[in-house]
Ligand SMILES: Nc1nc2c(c(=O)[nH]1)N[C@H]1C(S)=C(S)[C@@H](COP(=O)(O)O)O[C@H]1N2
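Single chain ahead, written as structure tokens, the form predicted on its own.
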């Protein structure tokens, strides 16, 4: 075994030696705190809250552990609908079919022989919200080949308008049609316009954080669609199909839709939209003390539109600007921090809001009162802490 001792283990040993580990120092706080910092517990988190592998289908991130721009592989959130297929890299072939000059199958070796691109991108599940303490979000450093380069090399026919991405995961589903129900094998699939697919940012990724993808993250190949919700980032990518008509698969046309009410006079009209690009959201992730001051850390997720500001408000005080982390990039989550001086003992409410350069301001809960579905919930998320 290597002689190096991790920072986490060093802290653990030091705390154990001084008897502090037996005190109320939460396990999640150990890797997140710098020397001299002390975690402040959120009082809005119930004792029953247990992030991580809570089921075989979902792994959430404990956002209180965020201590840098990149989410570790073993903490990166994961969710899927049809299981996690076991795929041998040597046998895997990416099929490219439909309206292309020549239908093609590419091996992983052939994909890795193409010019590689590295991109830092963060995203969240469209169902992420305060109900699960914003734990379905993460940020990774992805390596792969540009989707546009692959499509250009193969050649796209002029009639192509839609690009569909199919994962290797599949399951039999009951699909209703009028008064009948049919048992049909469904393959996970999502689509986008050819225009979006040919942008320089979409990536066919085979590595995350400098290592091969984990099974949870789609080994051996996945799509990374920067600025879009997690559902669009198809894992275990098996086939890309180009066609002229819109794709109306289960997870495109039926499941991942948002219903929003728009008021016209005394009438409310429901407007339905696809879940695609991420809505502007900021989240307070953790609070710590350092000397007499407190440090508030959080993150912003959006579609890549540059941010104008992130502000923090304590209780009923004024909005105050937070500082951006210099490691932030166009499609990463944007870390921010705020130094809170003069905190008085007692419980306090802390909330953040983000504003982008187009003037879009993160809404409050009341602004979403006419929202009829739970997806794409991006309201400001007040947190409560106890200062002693």
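Just so it is clear, the structure is predicted and the values come from calculations on it, not from any experiment. Numbering follows the first chain given and starts at 1.
Here the subject shifts to the form predicted in complex with the named molecule, a form of this protein not shown in this document.
Every residue in the set 78, 167 and 236 has a non-hydrogen atom no more than 4.5 Å from the named molecule in the predicted bound form.
Between 110 to 118, 153 to 161, 286 to 294, 70 to 78, the stretch whose residues reach within 4.5 angstroms of the named molecule in the predicted bound form through a non-hydrogen atom is 70 to 78. Listed residues 252, 217, 302, 276 were compared with the named molecule in the predicted bound form; 217 is the one with a heavy atom within 4.5 Å. This chain lacks the partner; the member of 242, 204, 231, 310 within 4.5 angstroms of the named molecule in the predicted bound form by a non-hydrogen atom is 231. Taking the partner from the other structure, the named molecule in the predicted bound form has a heavy atom within 4.5 Å of a heavy atom of residue 256. The named molecule in the predicted bound form comes within 4.5 Å of no heavy atom belonging to residue 280.
At a distance threshold of 4.5 angstroms between non-hydrogen atoms, residue 96 is out of contact with the named molecule in the predicted bound form. A residue is said to contact a partner when one of its heavy atoms sits within 4.5 Å of a partner heavy atom; residue 92 fails this definition for the named molecule in the predicted bound form, lying far away.
Scanning 125 to 149 for heavy atoms within 4.5 Å of the named molecule in the predicted bound form gives just one residue, 125.
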